[in-house]
Ligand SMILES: Cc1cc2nc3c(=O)[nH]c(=O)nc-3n(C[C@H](O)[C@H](O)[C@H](O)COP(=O)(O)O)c2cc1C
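Take a look at this one chain, the form predicted alone, written out in C-alpha coordinates.
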Amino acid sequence: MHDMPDKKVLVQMPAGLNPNFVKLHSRFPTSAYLRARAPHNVPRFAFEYGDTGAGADVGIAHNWAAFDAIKVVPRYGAITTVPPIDVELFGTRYAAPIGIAPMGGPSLVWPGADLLMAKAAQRARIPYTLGVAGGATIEDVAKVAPDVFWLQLYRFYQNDHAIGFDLIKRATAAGVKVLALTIDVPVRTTRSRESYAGLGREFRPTPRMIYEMIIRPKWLLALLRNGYPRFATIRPYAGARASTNETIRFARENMGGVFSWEEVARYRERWKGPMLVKGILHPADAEKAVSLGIEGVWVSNHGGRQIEALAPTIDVLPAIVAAVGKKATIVLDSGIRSGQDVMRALALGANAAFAGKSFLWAVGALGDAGPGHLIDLYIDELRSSLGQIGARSLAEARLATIRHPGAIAF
(Lines give C-alpha, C1' and ligand atoms only; values in the text may rest on other atoms or scores of the structure.)
Protein backbone atom coordinates (compact mmCIF):
# COMPACT_ATOMS: atom_id res chain seq x y z
CA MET A 1 0.00 0.00 0.00
CA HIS A 2 1.39 3.39 -0.98
CA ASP A 3 1.49 6.34 1.37
CA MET A 4 -1.62 8.46 1.04
CA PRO A 5 -2.78 11.59 2.89
CA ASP A 6 -4.33 10.83 6.27
CA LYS A 7 -7.10 13.27 5.55
CA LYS A 8 -8.56 15.03 2.59
CA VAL A 9 -6.92 18.26 1.52
CA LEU A 10 -9.52 20.93 0.94
CA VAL A 11 -8.83 23.57 -1.68
CA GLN A 12 -10.81 26.72 -1.01
CA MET A 13 -13.41 27.55 -3.64
CA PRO A 14 -13.12 30.88 -5.43
CA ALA A 15 -15.68 33.50 -4.51
CA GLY A 16 -16.77 33.94 -8.11
CA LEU A 17 -15.68 34.51 -11.64
CA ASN A 18 -13.04 37.06 -12.54
CA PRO A 19 -14.47 40.62 -12.34
CA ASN A 20 -13.25 41.18 -15.92
CA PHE A 21 -15.10 38.11 -17.18
CA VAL A 22 -18.15 39.97 -18.47
CA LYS A 23 -16.01 42.49 -20.33
CA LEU A 24 -13.81 39.83 -21.89
CA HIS A 25 -16.79 37.58 -22.60
CA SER A 26 -18.23 40.17 -24.96
CA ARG A 27 -15.09 39.87 -27.12
CA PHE A 28 -14.16 36.23 -26.51
CA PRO A 29 -17.33 34.29 -25.66
CA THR A 30 -15.87 30.89 -26.60
CA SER A 31 -12.45 29.33 -27.07
CA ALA A 32 -12.91 29.56 -30.84
CA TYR A 33 -12.73 33.36 -30.60
CA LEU A 34 -9.46 33.04 -28.67
CA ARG A 35 -8.08 30.76 -31.36
CA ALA A 36 -9.04 33.27 -34.06
CA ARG A 37 -7.32 36.12 -32.22
CA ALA A 38 -4.10 34.37 -31.19
CA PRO A 39 -2.35 34.52 -34.61
CA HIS A 40 -2.60 38.33 -34.49
CA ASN A 41 -0.26 38.34 -31.46
CA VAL A 42 1.84 35.21 -31.94
CA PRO A 43 4.48 34.67 -34.65
CA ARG A 44 3.22 32.29 -37.28
CA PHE A 45 5.80 29.58 -36.57
CA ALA A 46 4.95 29.67 -32.86
CA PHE A 47 1.20 29.49 -33.42
CA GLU A 48 1.61 26.61 -35.86
CA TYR A 49 3.72 24.73 -33.32
CA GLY A 50 1.05 24.94 -30.63
CA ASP A 51 -2.01 24.53 -32.82
CA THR A 52 -0.97 21.74 -35.17
CA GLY A 53 -1.44 18.01 -34.95
CA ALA A 54 0.14 15.09 -36.74
CA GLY A 55 -0.04 14.94 -40.51
CA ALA A 56 -2.88 17.04 -41.88
CA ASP A 57 -4.57 17.60 -38.50
CA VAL A 58 -7.11 14.85 -39.16
CA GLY A 59 -6.66 13.49 -35.64
CA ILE A 60 -7.61 16.85 -34.16
CA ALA A 61 -10.65 17.05 -36.43
CA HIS A 62 -11.70 13.54 -35.39
CA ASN A 63 -11.42 14.45 -31.71
CA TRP A 64 -13.63 17.49 -32.18
CA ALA A 65 -16.14 15.68 -34.39
CA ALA A 66 -16.46 12.86 -31.88
CA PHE A 67 -17.41 15.30 -29.12
CA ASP A 68 -19.82 17.14 -31.41
CA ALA A 69 -21.57 13.86 -32.30
CA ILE A 70 -22.59 13.19 -28.70
CA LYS A 71 -26.18 14.23 -28.04
CA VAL A 72 -27.73 14.47 -24.59
CA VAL A 73 -31.46 14.15 -23.87
CA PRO A 74 -32.49 16.38 -20.94
CA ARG A 75 -35.21 15.73 -18.37
CA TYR A 76 -37.31 18.57 -16.99
CA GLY A 77 -39.91 19.09 -14.28
CA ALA A 78 -37.71 19.23 -11.19
CA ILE A 79 -36.63 22.56 -9.73
CA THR A 80 -33.19 23.18 -11.17
CA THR A 81 -30.59 25.66 -9.98
CA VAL A 82 -27.03 26.17 -11.09
CA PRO A 83 -25.36 23.03 -9.70
CA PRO A 84 -22.17 22.96 -7.63
CA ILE A 85 -19.21 21.72 -9.63
CA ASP A 86 -16.45 21.25 -7.05
CA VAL A 87 -14.86 17.81 -7.25
CA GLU A 88 -12.50 15.63 -5.25
CA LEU A 89 -9.55 14.16 -7.14
CA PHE A 90 -6.98 12.06 -5.30
CA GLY A 91 -7.85 13.47 -1.89
CA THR A 92 -7.89 17.13 -2.90
CA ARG A 93 -11.07 19.09 -3.56
CA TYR A 94 -10.88 21.37 -6.59
CA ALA A 95 -13.23 24.11 -7.75
CA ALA A 96 -14.19 22.28 -10.95
CA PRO A 97 -13.57 19.01 -12.81
CA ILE A 98 -11.47 20.94 -15.30
CA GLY A 99 -7.69 20.86 -15.56
CA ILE A 100 -4.81 22.14 -17.65
CA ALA A 101 -3.12 19.31 -19.52
CA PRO A 102 0.67 19.01 -19.85
CA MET A 103 2.18 20.50 -22.97
CA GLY A 104 5.64 20.47 -24.50
CA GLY A 105 7.12 23.88 -25.14
CA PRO A 106 4.16 26.19 -24.43
CA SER A 107 6.64 29.01 -23.83
CA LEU A 108 7.48 28.89 -27.53
CA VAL A 109 3.88 29.82 -28.27
CA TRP A 110 4.00 32.55 -25.62
CA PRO A 111 7.13 33.23 -23.53
CA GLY A 112 6.34 32.54 -19.88
CA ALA A 113 3.16 30.58 -20.69
CA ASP A 114 3.89 27.77 -18.23
CA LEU A 115 3.89 30.03 -15.18
CA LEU A 116 0.97 32.10 -16.45
CA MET A 117 -1.15 28.96 -16.70
CA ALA A 118 0.05 27.69 -13.33
CA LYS A 119 -0.81 30.97 -11.61
CA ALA A 120 -4.26 31.04 -13.20
CA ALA A 121 -4.93 27.45 -12.11
CA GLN A 122 -3.90 28.27 -8.54
CA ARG A 123 -6.22 31.29 -8.44
CA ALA A 124 -9.11 29.27 -9.85
CA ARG A 125 -8.29 26.16 -7.80
CA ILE A 126 -8.16 23.69 -10.69
CA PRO A 127 -5.37 21.15 -11.45
CA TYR A 128 -2.37 22.34 -13.42
CA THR A 129 -0.07 19.73 -14.98
CA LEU A 130 3.47 20.78 -15.83
CA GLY A 131 4.94 18.92 -18.79
CA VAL A 132 8.49 17.76 -18.14
CA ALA A 133 9.36 19.29 -21.53
CA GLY A 134 7.83 22.62 -20.50
CA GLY A 135 9.43 26.00 -20.04
CA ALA A 136 9.35 26.25 -16.24
CA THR A 137 11.10 24.22 -13.57
CA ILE A 138 9.33 22.00 -11.07
CA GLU A 139 10.58 24.25 -8.31
CA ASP A 140 9.29 27.48 -9.92
CA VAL A 141 5.84 26.03 -10.53
CA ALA A 142 5.66 24.79 -6.94
CA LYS A 143 6.09 28.39 -5.76
CA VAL A 144 3.13 29.75 -7.75
CA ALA A 145 0.76 26.75 -7.77
CA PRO A 146 1.42 24.81 -4.55
CA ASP A 147 -2.15 23.59 -4.06
CA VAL A 148 -2.93 22.36 -7.59
CA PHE A 149 0.40 21.14 -8.98
CA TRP A 150 0.51 17.90 -11.00
CA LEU A 151 3.58 16.72 -12.96
CA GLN A 152 3.87 14.72 -16.18
CA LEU A 153 6.93 12.58 -16.96
CA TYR A 154 8.28 11.04 -20.15
CA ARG A 155 10.55 8.00 -20.19
CA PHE A 156 14.23 8.82 -19.56
CA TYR A 157 15.67 5.35 -20.04
CA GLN A 158 19.41 6.04 -19.99
CA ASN A 159 21.48 5.00 -16.95
CA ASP A 160 18.65 2.88 -15.57
CA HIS A 161 16.19 5.80 -15.44
CA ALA A 162 18.51 7.95 -13.32
CA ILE A 163 16.94 11.19 -14.59
CA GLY A 164 13.37 9.95 -14.17
CA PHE A 165 14.01 8.85 -10.61
CA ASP A 166 15.75 12.15 -9.82
CA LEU A 167 12.71 13.99 -11.19
CA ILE A 168 10.59 12.01 -8.72
CA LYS A 169 12.84 13.22 -5.89
CA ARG A 170 12.46 16.80 -7.08
CA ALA A 171 8.69 16.40 -7.40
CA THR A 172 8.45 15.00 -3.88
CA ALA A 173 10.52 17.86 -2.46
CA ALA A 174 8.37 20.40 -4.36
CA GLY A 175 5.10 19.02 -3.03
CA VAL A 176 3.70 17.81 -6.36
CA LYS A 177 0.28 16.32 -5.69
CA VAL A 178 -0.12 13.87 -8.57
CA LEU A 179 2.35 12.24 -10.99
CA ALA A 180 1.40 11.19 -14.53
CA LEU A 181 3.53 8.85 -16.63
CA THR A 182 2.99 9.37 -20.38
CA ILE A 183 3.04 6.14 -22.39
CA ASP A 184 1.67 7.24 -25.78
CA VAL A 185 4.80 8.60 -27.50
CA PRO A 186 6.72 5.52 -28.69
CA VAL A 187 8.24 7.44 -31.61
CA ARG A 188 8.43 11.05 -32.83
CA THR A 189 6.04 11.64 -35.71
CA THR A 190 5.65 14.41 -38.30
CA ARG A 191 3.62 17.56 -37.79
CA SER A 192 3.31 19.07 -41.23
CA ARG A 193 2.29 22.62 -40.32
CA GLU A 194 5.07 22.82 -37.75
CA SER A 195 7.66 21.69 -40.30
CA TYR A 196 6.37 24.02 -43.00
CA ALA A 197 6.59 26.95 -40.56
CA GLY A 198 10.33 26.35 -40.22
CA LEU A 199 10.60 24.32 -37.03
CA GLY A 200 12.93 21.37 -37.46
CA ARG A 201 14.69 19.05 -35.05
CA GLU A 202 16.36 22.10 -33.47
CA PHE A 203 15.23 25.68 -32.98
CA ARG A 204 17.19 27.85 -35.42
CA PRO A 205 15.32 31.04 -36.33
CA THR A 206 15.36 31.76 -40.05
CA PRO A 207 15.11 35.30 -41.45
CA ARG A 208 11.42 34.66 -42.07
CA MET A 209 10.87 33.58 -38.46
CA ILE A 210 12.76 36.64 -37.17
CA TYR A 211 10.51 38.84 -39.28
CA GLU A 212 7.45 37.08 -37.84
CA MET A 213 8.71 37.90 -34.33
CA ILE A 214 9.37 41.54 -35.15
CA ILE A 215 5.83 42.15 -36.40
CA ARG A 216 4.33 40.69 -33.20
CA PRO A 217 5.32 43.30 -30.57
CA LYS A 218 3.23 41.80 -27.74
CA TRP A 219 5.02 38.47 -28.15
CA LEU A 220 8.38 40.26 -28.30
CA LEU A 221 7.60 42.10 -25.07
CA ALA A 222 6.75 38.79 -23.40
CA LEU A 223 10.06 37.43 -24.70
CA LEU A 224 11.95 40.35 -23.17
CA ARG A 225 10.19 39.81 -19.84
CA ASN A 226 10.47 36.04 -19.67
CA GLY A 227 13.48 35.07 -21.78
CA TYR A 228 14.11 32.59 -24.57
CA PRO A 229 11.97 29.42 -24.56
CA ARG A 230 13.81 26.39 -23.14
CA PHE A 231 13.19 23.01 -21.54
CA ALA A 232 13.71 24.36 -18.05
CA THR A 233 13.19 21.19 -15.99
CA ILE A 234 15.42 19.06 -18.25
CA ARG A 235 18.17 21.64 -18.77
CA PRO A 236 20.20 20.91 -15.59
CA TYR A 237 20.77 17.34 -16.77
CA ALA A 238 22.13 18.59 -20.09
CA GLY A 239 24.61 20.88 -18.34
CA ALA A 240 24.37 24.05 -16.30
CA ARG A 241 25.18 26.20 -19.32
CA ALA A 242 23.45 24.13 -21.97
CA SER A 243 21.82 26.12 -24.74
CA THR A 244 18.26 25.47 -25.88
CA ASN A 245 19.45 23.38 -28.83
CA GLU A 246 21.91 21.47 -26.66
CA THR A 247 19.07 20.68 -24.28
CA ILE A 248 16.86 19.58 -27.19
CA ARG A 249 19.60 17.25 -28.43
CA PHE A 250 20.10 15.89 -24.92
CA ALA A 251 16.39 15.20 -24.56
CA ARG A 252 16.23 13.40 -27.91
CA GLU A 253 19.17 11.20 -26.93
CA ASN A 254 17.95 10.37 -23.43
CA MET A 255 14.16 10.48 -23.62
CA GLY A 256 11.86 8.27 -25.62
CA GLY A 257 9.95 5.06 -26.05
CA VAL A 258 7.05 3.63 -24.11
CA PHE A 259 7.26 2.80 -20.41
CA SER A 260 7.07 -0.97 -20.07
CA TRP A 261 4.70 -2.23 -17.41
CA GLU A 262 7.72 -3.35 -15.41
CA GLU A 263 9.05 0.21 -15.54
CA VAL A 264 5.66 1.60 -14.53
CA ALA A 265 5.78 -0.68 -11.49
CA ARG A 266 9.24 0.66 -10.58
CA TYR A 267 8.03 4.25 -10.79
CA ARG A 268 4.96 3.30 -8.76
CA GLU A 269 7.21 2.03 -5.98
CA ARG A 270 9.34 5.17 -5.91
CA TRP A 271 6.50 7.72 -6.07
CA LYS A 272 4.53 7.74 -2.80
CA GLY A 273 1.61 9.89 -3.91
CA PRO A 274 -1.23 9.34 -6.38
CA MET A 275 -0.19 8.32 -9.89
CA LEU A 276 -1.85 8.21 -13.32
CA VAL A 277 -0.81 6.49 -16.52
CA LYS A 278 -1.46 8.92 -19.37
CA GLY A 279 -2.21 7.96 -22.96
CA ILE A 280 -4.46 4.95 -22.41
CA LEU A 281 -7.02 4.13 -25.11
CA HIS A 282 -7.73 0.43 -24.50
CA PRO A 283 -9.62 -0.93 -21.46
CA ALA A 284 -7.17 -3.83 -21.09
CA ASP A 285 -4.32 -1.32 -20.65
CA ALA A 286 -6.40 0.52 -18.07
CA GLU A 287 -6.93 -2.73 -16.18
CA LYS A 288 -3.20 -3.48 -16.30
CA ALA A 289 -2.35 -0.06 -14.88
CA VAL A 290 -4.83 -0.47 -12.02
CA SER A 291 -3.44 -3.94 -11.25
CA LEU A 292 -0.07 -2.32 -10.58
CA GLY A 293 -1.50 -0.01 -7.94
CA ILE A 294 -2.03 2.99 -10.22
CA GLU A 295 -4.85 5.13 -8.85
CA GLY A 296 -5.70 7.02 -12.05
CA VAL A 297 -6.17 6.41 -15.76
CA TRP A 298 -5.63 9.34 -18.13
CA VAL A 299 -7.47 8.71 -21.40
CA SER A 300 -5.58 10.59 -24.13
CA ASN A 301 -4.48 10.36 -27.75
CA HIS A 302 -1.93 13.14 -27.21
CA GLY A 303 -4.28 15.75 -28.60
CA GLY A 304 -4.01 14.33 -32.10
CA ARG A 305 -0.34 15.35 -32.22
CA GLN A 306 1.24 11.91 -32.71
CA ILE A 307 -0.77 10.08 -35.37
CA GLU A 308 -4.07 10.86 -37.08
CA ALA A 309 -5.46 7.32 -37.03
CA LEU A 310 -5.95 7.00 -33.26
CA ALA A 311 -9.44 6.62 -31.83
CA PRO A 312 -10.95 9.76 -30.28
CA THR A 313 -10.72 9.63 -26.52
CA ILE A 314 -14.42 10.24 -25.95
CA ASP A 315 -15.24 7.18 -28.08
CA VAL A 316 -13.17 4.79 -25.93
CA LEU A 317 -14.12 6.40 -22.61
CA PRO A 318 -17.29 4.35 -21.90
CA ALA A 319 -15.44 1.03 -22.27
CA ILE A 320 -12.63 2.20 -19.99
CA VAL A 321 -15.13 3.42 -17.41
CA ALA A 322 -16.87 0.04 -17.53
CA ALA A 323 -13.54 -1.72 -16.99
CA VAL A 324 -11.98 0.34 -14.18
CA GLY A 325 -14.38 3.13 -13.27
CA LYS A 326 -15.07 1.65 -9.82
CA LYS A 327 -11.38 1.15 -9.08
CA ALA A 328 -9.66 4.27 -10.41
CA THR A 329 -10.05 7.98 -11.05
CA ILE A 330 -10.50 8.58 -14.78
CA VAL A 331 -9.53 11.83 -16.47
CA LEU A 332 -9.59 12.65 -20.18
CA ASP A 333 -8.06 15.08 -22.65
CA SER A 334 -7.81 15.49 -26.46
CA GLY A 335 -10.65 17.47 -27.96
CA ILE A 336 -11.89 19.56 -25.02
CA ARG A 337 -12.85 23.05 -26.26
CA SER A 338 -15.70 24.07 -23.96
CA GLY A 339 -17.52 23.44 -20.72
CA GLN A 340 -20.10 21.60 -22.81
CA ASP A 341 -17.37 19.14 -23.87
CA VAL A 342 -16.46 18.74 -20.20
CA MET A 343 -20.13 17.96 -19.44
CA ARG A 344 -20.12 15.30 -22.18
CA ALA A 345 -17.03 13.67 -20.69
CA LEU A 346 -18.55 13.69 -17.21
CA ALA A 347 -21.81 12.26 -18.50
CA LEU A 348 -19.88 9.35 -20.02
CA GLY A 349 -18.07 8.60 -16.79
CA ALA A 350 -14.93 10.72 -16.55
CA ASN A 351 -14.12 12.31 -13.20
CA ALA A 352 -12.52 15.34 -14.85
CA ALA A 353 -11.52 16.66 -18.27
CA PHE A 354 -8.30 18.46 -19.18
CA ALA A 355 -7.60 20.93 -22.00
CA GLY A 356 -4.31 21.84 -23.66
CA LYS A 357 -4.43 23.64 -26.99
CA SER A 358 -7.21 25.99 -25.94
CA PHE A 359 -4.99 27.38 -23.17
CA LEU A 360 -2.35 28.18 -25.78
CA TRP A 361 -5.01 29.99 -27.81
CA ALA A 362 -6.00 31.91 -24.69
CA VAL A 363 -2.51 33.05 -23.75
CA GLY A 364 -1.82 33.94 -27.37
CA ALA A 365 -4.98 36.01 -27.61
CA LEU A 366 -4.88 37.75 -24.23
CA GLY A 367 -1.40 37.29 -22.78
CA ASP A 368 -1.40 37.27 -18.98
CA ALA A 369 -5.20 37.43 -18.79
CA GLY A 370 -5.79 34.56 -21.20
CA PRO A 371 -5.61 31.45 -19.01
CA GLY A 372 -7.80 32.94 -16.31
CA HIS A 373 -10.44 34.01 -18.81
CA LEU A 374 -10.54 30.56 -20.40
CA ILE A 375 -10.94 28.89 -17.01
CA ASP A 376 -13.86 31.22 -16.30
CA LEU A 377 -15.36 30.32 -19.68
CA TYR A 378 -15.09 26.62 -18.97
CA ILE A 379 -16.63 26.98 -15.52
CA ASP A 380 -19.48 29.16 -16.76
CA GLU A 381 -20.20 26.83 -19.69
CA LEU A 382 -20.06 23.72 -17.53
CA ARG A 383 -22.50 25.12 -14.98
CA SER A 384 -24.97 26.20 -17.63
CA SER A 385 -24.63 22.91 -19.54
CA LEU A 386 -25.32 20.85 -16.44
CA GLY A 387 -28.29 23.02 -15.55
CA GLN A 388 -29.65 22.81 -19.08
CA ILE A 389 -29.75 19.01 -19.07
CA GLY A 390 -31.43 19.00 -15.66
CA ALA A 391 -28.42 17.76 -13.68
CA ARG A 392 -28.39 19.11 -10.14
CA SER A 393 -24.88 17.78 -9.46
CA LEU A 394 -21.89 16.37 -11.29
CA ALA A 395 -23.05 12.87 -10.41
CA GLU A 396 -26.45 13.45 -12.02
CA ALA A 397 -24.77 14.15 -15.36
CA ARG A 398 -24.16 10.38 -15.60
CA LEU A 399 -27.88 9.73 -15.43
CA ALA A 400 -28.56 11.52 -18.71
CA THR A 401 -29.71 9.63 -21.78
CA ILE A 402 -26.94 9.93 -24.36
CA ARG A 403 -26.65 9.18 -28.06
CA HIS A 404 -23.05 8.23 -28.74
CA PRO A 405 -22.69 6.90 -32.29
CA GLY A 406 -18.88 6.66 -32.18
CA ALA A 407 -18.59 4.60 -29.00
CA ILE A 408 -16.20 1.69 -29.55
CA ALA A 409 -17.11 -1.75 -28.24
CA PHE A 410 -14.10 -3.88 -27.30
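Note that residue numbering begins at 1 and tracks the sequence as displayed. Only a predicted model underlies this, so the values are computations on that prediction, with no experimental measurement involved.
The protein also exists as the form predicted in complex with this ligand; that form is not presented, and the subsequent description refers to it.
S.K.: Is this ligand in the predicted complex near all of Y128, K177 and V331, within 4.5 Å of a heavy atom of each?
M.R.: Zero of three within 4.5 Å in the predicted complex.
S.K.: If you check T247, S338, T182, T137 against this ligand in the predicted complex, which one has a heavy atom within 4.5 Å?
M.R.: Looking at the other structure, the residue within range turns out to be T182.
S.K.: Given that this ligand is left out here, which of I314, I294, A286, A101 has a heavy atom within 4.5 Å of it in the predicted complex?
M.R.: Looking at the other structure, the residue within range turns out to be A101.
S.K.: For the chain seen here without its partner, which of 296-304, 319-327, 211-219, 116-124 has a heavy atom within 4.5 Å of this ligand in the predicted complex?
M.R.: Within 4.5 Å of the partner lies stretch 296-304.
S.K.: May I ask you to check whether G370 falls inside a 4.5 Å heavy atom distance of this ligand in the predicted complex?
M.R.: Output for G370 is no: heavy atoms all beyond 4.5 Å of this ligand.
S.K.: Using the partner position in the predicted complex, report whether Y49 sits within 4.5 Å of this ligand, counting heavy atoms only.
M.R.: Residue-level check for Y49: yes, a contact with this ligand.
S.K.: Would you classify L360 as touching this ligand in the predicted complex, given a 4.5 Å non-hydrogen atom cut-off?
M.R.: Result yes; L360 sits at the interface with this ligand in the predicted complex.
S.K.: Would you please decide whether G356 lies within 4.5 angstroms of this ligand in the predicted complex, comparing each non-hydrogen atom pair?
M.R.: Yes, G356 sits close enough to this ligand in the predicted complex that at least one of its heavy atoms falls within 4.5 Å.
S.K.: For the stretch 264-299, I need every residue with any heavy atom inside 4.5 Å of this ligand in the predicted complex, listed N to C.
M.R.: Result: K278 alone.
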